[in-house]
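So this first bit is one chain, no partners, the form predicted alone, shown in structure tokens.
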């Protein structure tokens, strides 16, 4: 049971970091970016390309993060910037339509470029584990947990302690009031969207070290959305513990019922939490 919980925590950390990018863009702009999962897989292909050039997957994350940041900024400018003037409901509806089209475009381009075959990044340390108290901890999974914690703390400090971070918080609360106070709303939204896409670099590496194909992005996006809902919409600080909760619940179901029931258990837990706690497991906190 203990070993099962270890894998649940490791998977939960991955869910949390996926949800972080989704929660950021939704909290600031009320955009729901369905293409986030596809962008994660696109980053995984970039890491695979650099790996074939001799670059370690974790060493390539900063470069992939920068490239995804630029791509996110370009996508926002070309596709999403015109939605800022709409109502909250209009932004959600139209962002869903636009990002659905982007998802299909990215998935089909990836299939055209790399075929639909499943790929995996396999460095020399991919199977390494170490033991503590009789439990085995995969090295890659532990690095993923540490990376997720570092990014979440860094993002929290950025939002709470920097001038631009406070601008993001102001825009998330009220676009018009922030604009009247001198905040450049368009620039703030652009950078927030770009950061959310740049955050995909960490799950890109972690998923790439497992296995991936051009069309699995929507599956990982679904995990991220479930975590966002469990944590409470707008509560960016709750996505990591909510991800751990989902991962642990899935791990427990695997232990008692077997792996085929893991996905079903996750959905059942999600429905039950939404029925009992409509605002999520944690108190909602606006960015």
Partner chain sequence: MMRRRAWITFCLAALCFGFLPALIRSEYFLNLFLMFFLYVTVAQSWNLLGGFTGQISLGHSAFFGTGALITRLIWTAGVPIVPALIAGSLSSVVLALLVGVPCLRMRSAYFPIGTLALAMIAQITVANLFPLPGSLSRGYLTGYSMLSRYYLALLVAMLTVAVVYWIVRSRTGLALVGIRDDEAAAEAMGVRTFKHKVFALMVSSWLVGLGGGIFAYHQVSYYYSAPFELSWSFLPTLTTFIGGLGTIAGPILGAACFLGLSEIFAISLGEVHLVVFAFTFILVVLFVPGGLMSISTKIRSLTARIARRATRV
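So that the term is clear: the rigid core is the largest set of C-alpha atoms that superpose within 1.5 Å between two forms. Bear in mind the structure is a predicted one, so any value in this text is a computation, not a measurement. Residue numbers count along the first chain shown, from 1.
Note that the form predicted in complex with the partner chain isn't included here; everything after this is about it.
* Considering the partner chain in the model of the complex, which of 225, 252, 67, 50 comes within 4.5 Å of it through any heavy atom? -> Selected residue: 225.
* Asked: Taking the partner chain in the model of the complex as the reference, which of 169, 71, 185, 102 has a non-hydrogen atom within 4.5 Å?
  -> Filtering the options by heavy-atom distance leaves 102.
* Go through 122 to 130, 74 to 82, 154 to 162, 171 to 179 and give me the stretch that gets within 4.5 Å of the partner chain in the model of the complex, heavy atoms only. => Correct option: 74 to 82.
* Does any heavy atom of residue 87 come within 4.5 Å of a heavy atom of the partner chain in the model of the complex? -> Result no; residue 87 lies far from the partner chain in the model of the complex.
* To do: May I ask you to check whether residue 108 falls inside a 4.5 Å heavy atom distance of the partner chain in the model of the complex?
  => Yes, residue 108 is a contact residue.
* Asked: Applying a 4.5 Å heavy atom distance criterion, does residue 34 contact the partner chain in the model of the complex?
  -> Residue 34: contacts the partner chain in the model of the complex.
* Residue contact check: residue 142 to the partner chain in the model of the complex, 4.5 Å heavy atom -> Result no; residue 142 lies far from the partner chain in the model of the complex.
* Using the arrangement in the model of the complex, list in sequence order the residues of 254 to 274 with any heavy atom within 4.5 angstroms of the partner chain. => Contacting residues: 260, 261, 263, 264, 267, 268, 270, 271, 274.
* Does the distance between the two CA positions of residue 10 reach 2 Å or more between this form and the one not shown, the core being superposed? -> Stays below the 2 Å threshold, so no.
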